[in-house]
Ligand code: PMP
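Form predicted alone, single chain, as structure tokens, below.
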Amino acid sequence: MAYFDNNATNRPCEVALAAHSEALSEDWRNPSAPSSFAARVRVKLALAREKLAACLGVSPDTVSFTSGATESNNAIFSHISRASSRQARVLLSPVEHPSVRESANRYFSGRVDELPADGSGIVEPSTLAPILDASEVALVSVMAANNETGVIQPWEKIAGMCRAHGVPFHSDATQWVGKLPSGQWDVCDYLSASAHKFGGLKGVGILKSPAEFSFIVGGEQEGGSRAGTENFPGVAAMLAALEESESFVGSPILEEARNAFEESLRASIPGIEVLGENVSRLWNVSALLMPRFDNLRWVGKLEKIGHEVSTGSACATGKDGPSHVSAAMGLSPEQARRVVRVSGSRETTPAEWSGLADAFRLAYAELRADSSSSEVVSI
């Protein structure tokens, strides 16, 4: 099965698995225990924090290890709600991940505003200043890159504008970290990411926050911000995956292969559209608006042919209604049901992208044949 659902999760890379296995074998002790063996694990955990912080361009004392971006996002909105007034509001882009949208609405019920965005789902920084001037804002949250379309937000400019207004800024960088240059994330007051999106393991993630931030009590782990025995093997695997990903960041071959796949489909499937094709996107994502047939039929047909793709966010699977991302981009409910998401990885070869294009053509022919054979003719 050719795997093209990497925005949902990556296969753990070999260096991550090796680092995890070594840590499970040699560094399985509780880092908080008083023995010299435990102290060795504690030192390794501190070193891993320093290295990860350096990759992200942030201070180590602002980095906490969590179970993933969903926990990090929930913790941020819970903390901000306790620290702000009852009148304060939060501002989100209209294309945020469900773990941001639902956290915001839980902790700021009735006080969540969506920022205006263009047809690609991008928030224009210049529209933010009047909103910040006109109301009491507790937090602005704008993701770095969208999980469904790969469209990149101007997060650095938005972060700078928030800082100039004295308003905290959060960016869910789950789809950016490990795919694009880490940049200087220190401009963000809050940052969230998950290891399994860039070749690490599930159950471990990153939260960048002010040093005084605290969200799970019951122990002094993570500098007192998150109680509970630290998952050092998971952290070691995450660091190994992130360090390996840096050698692939910026490789033109990866984006060229994706672009060639899209051009091949345009030439052979009339009416196909690529969402966000005229703006900056992640190199691994194609959000395809198919000319015919519901996306679940495409997913099923492609899987039978040997290619695993998706309809959008895995966290939104099973929820009623069209994707909020598609709606924010101006798609009708009927169009949203024809969107297929394809997402490769740094290990996806040009030959595999080409094979996927062939699979789409075959699936299209079979879907048309299925449709023709099932038509009922009235006499």
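A residue's number is simply how far along the shown sequence it sits, counting from 1. All values derive from a computational prediction rather than experimental measurement.
Although not depicted, the form predicted together with the ligand is the subject of the following passage.
By the 4.5 Å heavy atom rule, the three marked residues Ser99, Met143 and Gln175 all count as contacting the ligand in the model of the complex. Of the residues given (Ser93, Ser103, Gln153, Asn147), Asn147 alone sits with a heavy atom within 4.5 Å of the ligand in the model of the complex. Between the ligand and the residues Lys208, Arg281, Arg226, Lys197, the one pair within 4.5 Å by heavy atoms in the model of the complex involves Lys197. Stretch-level contact analysis of 210-218, 189-197, 248-256, 273-281 against the ligand in the model of the complex, using heavy atoms and a 4.5 Å limit, identifies 189-197.
The ligand in the model of the complex comes within 4.5 Å of a heavy atom belonging to Asn73.
Using a 4.5 angstroms limit between non-hydrogen atoms, Ala69 touches the ligand in the model of the complex.
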